[in-house]
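In the block that follows, a single chain appears as structure tokens, in the form predicted on its own.
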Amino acid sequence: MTLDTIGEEIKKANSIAILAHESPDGDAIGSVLAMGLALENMGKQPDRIITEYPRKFQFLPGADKVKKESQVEKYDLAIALDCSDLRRLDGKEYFENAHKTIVIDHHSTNTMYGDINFVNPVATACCEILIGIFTYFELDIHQDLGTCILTGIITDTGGFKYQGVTAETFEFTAELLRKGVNVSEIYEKVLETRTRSNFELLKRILNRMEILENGKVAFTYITSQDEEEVHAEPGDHEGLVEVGRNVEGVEVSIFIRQIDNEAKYKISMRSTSDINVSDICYLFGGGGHPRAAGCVIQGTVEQVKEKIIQEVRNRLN
């Protein structure tokens, strides 16, 4: 059984690296921190490696143990969480050099790139999968561990509002509440509180937002210069793609962000209809969920805009 095999590999490993996807969101970060606490409960001393840690998640238990890099050349075990393919994995060199690798994820586009793969695309968040794994291993899901897990669930469900939320999601949440996890505090910190830089970027994307294709598509962008001018930190762009999706009549929201002053843009897409944005992003080497996905495209703002909107146009009714 896969879970038994995962347990055996963890027990054997003396050195363990925990990794997640680049530009990590709350589910990726919650998963890494939760796994770190769980492994400590199992007597391990794992390295939690996140190159760019968003300031808004500093409140989470175990955040002070996160490393930007490691001096270990070859880990006994590397665990990748909430990441669908090796290209998007932050710190992939640690994964590629490890003696054994495990992938735990909930993306339907997962490429099964680990030695052991535990993927459940029905789960609303990777953190939801971890609850089942920790329960199977009979680990104590204490308040700190539960806080990390619930952060991931709240983030990836948009505060329980996205399709895909199940009765089981609320049952897990109820159990975490009984453990003393403060759901309202987590909700406020990860969904309602904006950094000053995020607010300044919000003003810019609103000024640039275009409603296209007879009101069905919202498009906006930010540049590296924008981020420099507002002193943006890692994670300050998170959530900006949601603004377009909230406009009446919009079926697809597109937000693009320039990468390191290069002619290259990170695309984030959200859908409110039957349009599968994961399929669109897959065409450009990306992926994600049917209603939330991303990719990277080379070119200028106008070139990238035309490429991505053309694919959306092909799928609009």
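Note that residue numbering begins at 1 and tracks the sequence as displayed. Predicted model only: the values in this text are computed from it and were never measured.
Heads up, the form predicted in complex with adenosine monophosphate (AMP) isn't pictured, but that's what we're talking about next.
Participant: Between the options 85, 90, 236, 226, which residue brings a heavy atom to within 4.5 Å of adenosine monophosphate (AMP) in the predicted bound form?
Facilitator: In short, 85.
Participant: Within 4.5 Å, heavy atoms only: does residue 46 come near adenosine monophosphate (AMP) in the predicted bound form?
Facilitator: Close contact is absent here: in the predicted bound form, residue 46 is far from adenosine monophosphate (AMP), nothing within 4.5 Å, heavy atoms only.
Participant: Report yes if any heavy atom of residue 13 sits within 4.5 Å of a heavy atom of adenosine monophosphate (AMP) in the predicted bound form; otherwise report no.
Facilitator: Contact with adenosine monophosphate (AMP), no.
Participant: Does any part of residue 293 reach within 4.5 Å of adenosine monophosphate (AMP) in the predicted bound form? Heavy atoms only, please.
Facilitator: Because a heavy atom of residue 293 falls inside 4.5 Å of adenosine monophosphate (AMP) in the predicted bound form, the answer is yes.
Participant: My question is simply whether residue 54 lines the interface with adenosine monophosphate (AMP) in the predicted bound form - judged by any non-hydrogen atom within 4.5 Å.
Facilitator: Although adenosine monophosphate (AMP) is absent here, residue 54 would stay clear of it in the predicted bound form, with no heavy atoms inside 4.5 Å.
Participant: Would you point out which of 244-252, 38-46, 61-69, 264-272 contains residues with a non-hydrogen atom within 4.5 Å of adenosine monophosphate (AMP) in the predicted bound form?
Facilitator: One stretch meets the cut-off, namely 264-272.
Participant: Along 96-123, which positions have a non-hydrogen atom within 4.5 Å of adenosine monophosphate (AMP) in the predicted bound form?
Facilitator: Read in sequence order, the lone residue that approaches adenosine monophosphate (AMP) (within 4.5 Å, in the predicted bound form) is 107.
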